[in-house]
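Presented below, as structure tokens, is a lone chain in the form predicted on its own.
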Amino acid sequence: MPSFSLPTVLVTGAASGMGQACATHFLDQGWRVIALDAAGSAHEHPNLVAVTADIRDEDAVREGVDGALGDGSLDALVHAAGIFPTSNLMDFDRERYQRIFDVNVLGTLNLCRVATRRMSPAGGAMLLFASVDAFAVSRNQLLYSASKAAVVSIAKSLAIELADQGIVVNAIAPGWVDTPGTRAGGRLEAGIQAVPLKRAAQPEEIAEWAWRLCHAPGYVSGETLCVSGGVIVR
């Protein structure tokens, strides 16, 4: 069983990509990790507890997190779960809109509410995953970009709302990241041609920034850090 004396982080989207990298990084730093994913987790570590839940279902998330925590509490939330189907004005429909916003926006609100109720009395940190597309939109990402702009706004609102509880809330906005999901979309190689650094980030680079913004955020709250290789300045 994981040690209850360690600081504890809830990481979503932990079965792959950036979420998995974040879970691994926190474990390497000596944290206890509750790894939540709709697909479950094959990752094994003595300080990791896997939770299978759909983030659109707040009750399922709460039950899974409560079961993993027991009498313990959270010190941080890293909410990396999300989806990025393509869409534009002419091809989107109600079903695609509902799915994207239910996962990326409603899911974010569900996680934040569950995490807030189980956060340490001493306070803690929340890090939400937005996207550089919230600021520098990409073609055929109409609904995704809008959903991630909502995440940026949620981070700002919750930074104010939760400040009295000692909880800081920030967001991170990755650009192109070399994950299996991104490669499956078939746009990675073309996309990085617009990146001044001419490469995609590795998931571990994003995880390092997630760690920095959670373990010692200091006076930073309500901010969104773009990690985009310079795309945001173009």
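Because the structure is predicted, anything quoted here is derived from the model rather than measured. Numbers for residues come from their place in the sequence shown, where the first is 1.
There is another form of this protein, the form predicted in complex with a small molecule, and it is not shown here; the text below is about that form.
Check whether Gly82 has any heavy atom within 4.5 Å of a heavy atom of the small molecule in the model of the complex, and answer yes or no. Contact with the small molecule, yes.
Taking heavy atoms and a 4.5 Å cut-off, does Gly175 contact the small molecule in the model of the complex? The answer is yes: Gly175 has a heavy atom within 4.5 Å of the small molecule.
Taking the small molecule as it sits in the model of the complex, is Gly181 in contact with it (heavy atom to heavy atom, 4.5 Å or less)? Looking in the model of the complex, residue contacts with the small molecule include Gly181, since a heavy atom lies within 4.5 Å.
4.5 angstroms heavy atom contact with the small molecule in the model of the complex for His45: Looking in the model of the complex, residue contacts with the small molecule do not include His45, since no heavy atom lies within 4.5 Å.
Even though the small molecule is not shown here, does it sit in the model of the complex so that Gly13, Ala38 and Tyr144 each have a heavy atom within 4.5 Å? Spot residues vs the small molecule: full contact, yes.
Answer with one of Ile167, Leu27, Val65, Ile55: the residue that has a non-hydrogen atom within 4.5 Å of the small molecule in the model of the complex. By the 4.5 Å criterion, the partner-contacting residue is Ile55.
Going by heavy atom distances of 4.5 angstroms or less, which of Val103, Leu162, Ala115, Ile154 would be at the interface with the small molecule in the model of the complex? Of Val103, Leu162, Ala115, Ile154, the residue with a heavy atom within 4.5 Å of the small molecule in the model of the complex is Val103.
Among 66-74, 189-197, 46-54, 27-35, which stretch has residues with heavy atoms no more than 4.5 Å from the small molecule in the model of the complex? Answer to the contact question: 46-54.
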